[in-house]
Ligand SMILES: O=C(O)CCC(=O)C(=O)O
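Only one chain is included here, represented as structure tokens and corresponding to the form predicted on its own.
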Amino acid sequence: MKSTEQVLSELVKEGYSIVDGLAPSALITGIGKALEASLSELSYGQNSFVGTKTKRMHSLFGKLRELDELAVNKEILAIAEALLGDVILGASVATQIFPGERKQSFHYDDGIYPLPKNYGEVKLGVMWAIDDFTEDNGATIVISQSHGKRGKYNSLKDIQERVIAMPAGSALLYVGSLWHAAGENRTNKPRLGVILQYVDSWLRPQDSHLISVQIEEAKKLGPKLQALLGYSMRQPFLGYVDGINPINLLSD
């Protein structure tokens, strides 16, 4: 397995890094079964960006406990904190790409924030492969070394696209300014993945976890996941309740 230093070096140079075999197969199998049961009740997306043959499920930690172990993976958190400092979960999304889905348009995830073009990185995305990702089934496509170039896609120079083929249980890590897209599914089976995004804790998260995982449910979770969901305080004064760290509310 790659060291934290090696992954960080690749993130800085290329904008992404692949870590194989990061989660045990039994965990990934359990997550896959739980997600497929929930996704079966959902409809496809309504436009080409979210996918007209793609199902997406958001606010995962308010619906499933099977994913908790992925969120607090020690290797991922070590990388996220080394890259960004204090972090919280920005978004959690399951994506199931069905046969016939077309390639998504390229984009970068931190485009949701009104940041200056050359601002430093504030987000780390982690795409977990729940199924094997292949060149034919909708694996993520990245543009190498496109990070740090927020703006219009057609302004990029020397574009080098790479399809991220990786076995189930692996993870693609990519910085928030990296241009990427979901691939086309040319097979006869769906492809399932989970996106967890970690953001610098001074930012408003994309997913309002304090609503989807309310206090009584949050009390059942481990302290690290509680903090990642936003029941935490960025020192010295950001995010308090009555002047104290909100995680104290969960232990009373």
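Each residue number is its position in the shown sequence, starting from 1. Keep in mind that this is a model prediction, so the values were computed, not measured.
From this point on, the text means the form predicted in complex with the named molecule, which you will not see here.
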- Query: What stretch, of 174-182, 144-152, 68-76, 114-122, brings heavy atoms to within 4.5 Å of the named molecule in the predicted bound form?
  - Reply: 174-182
- Does every residue of Thr95, Gln104 and Ile195 put a non-hydrogen atom within 4.5 angstroms of the named molecule in the predicted bound form? yes
- Task: Flag Asp110 as yes or no: does it have a non-hydrogen atom within 4.5 angstroms of any non-hydrogen atom of the named molecule in the predicted bound form?
- Result: no
- With heavy atoms only and a cut-off of 4.5 Å, decide whether Lys53 touches the named molecule in the predicted bound form. no
- According to a 4.5 angstroms non-hydrogen atom cut-off, is Ala129 in contact with the named molecule in the predicted bound form? no
- Query: Which residues, if any, of 1-17 lie within 4.5 Å of the named molecule in the predicted bound form when only heavy atoms count?
  - Reply: none
